[in-house]
Ligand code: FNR
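One chain comes next, on its own, written out as structure tokens in the form predicted on its own.
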């Protein structure tokens, strides 16, 4: 039972047992040499804590406020395409888990069921993530559907101008449902996005607006000049451009460029509660959870995803207490520093006891 999991290592092991090889490769793999994927993890491994002592940490509050809603931890569910391959209920299961635990789900436009069904499944605020897979009329219709369904914010993903070579699933000939015959979108629409397109979509939506896929200070500066409310620092979990920087490596320069003019989300390589604390210390407001979300759903559906979040919360609480921090608003850069990593970075390198042969 999901409630029996004592670590996310156990959840990952159970997820591997339950899913077919192709589905596993789709979830855990990155593009080409998977260098960006590994750098995502290495960036977190290269940050150490500077704990303070003799602080009263008898009460530690891990909660934060995001999009006007209180969340138990500063994390949201990242948009994942084809969630139905991990749980038959797809995005509804992810939203239910997010609601039950107390965080927000960013719903992918490349998953089932429909955006309307997912929005109606739970009463909590949700974010909708948009890929532009059609012409102006298609985009206008999609944005109207998002507004009509009551989403609290809109995210535009901008790091998929071309679809990358994700070789793990390619080798096993696995094709996710959204890319199968009759379902694959025309790439030219996403490839032709510009700042002008973004402005048009943002104005049309009239919702809090997030730009996902920002990887440089230069683009962060342009984004805030265009009135973007949330800068989402992301390299698509290492699944798009190979040989990019780790997301956490790029975070400080983006935080400096934004200078408080927008809120900041970061994803890519977040595996532990301590990782959440590192990201907050370096200037993020929240992190987004991708692979962990998929592993939780695959291991035990809604209950598995909730248990994954409970474990993250416990890790975060413990790390905050041991660092001398009592609330998220007290986290500053002075609690972290650069350090040499001590393990080889890969997509599951946070779990040193992972059984050999169970993660392939």
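Residue numbers count along the first chain shown, from 1. In this text the structure is predicted, and so the values were computed from the model without any measurement.
A second form of this protein, the form predicted in complex with the named molecule, is not displayed here; the remarks below concern that form.
- Checked against the named molecule in the predicted complex, the candidates 118, 129, 96, 250 yield a single residue with a heavy atom inside 4.5 Å, and that residue is 129.
- This chain appears without its partner; in the predicted complex, the one residue of 208, 81, 169, 283 with a heavy atom within 4.5 Å of the named molecule is 81.
- In short, of 275-283, 71-79, 119-127, 97-105 it is 71-79 that has heavy atoms within 4.5 Å of the named molecule in the predicted complex.
- Residue contact with the named molecule in the predicted complex: residue 290 places a heavy atom within 4.5 Å of it.
- Although the partner is absent here, residue 237 is a contact residue: one of its heavy atoms lies within 4.5 angstroms of the named molecule in the predicted complex.
- With a 4.5 Å cutoff on heavy atoms, residue 320 does not count as touching the named molecule in the predicted complex; it lies far away.
- Residue contact with the named molecule in the predicted complex: residue 223 places no heavy atom within 4.5 Å of it.
- The partner is not shown here, but in the predicted complex the stretch 6-39 reaches within 4.5 angstroms of the named molecule through a heavy atom at 26, 27.
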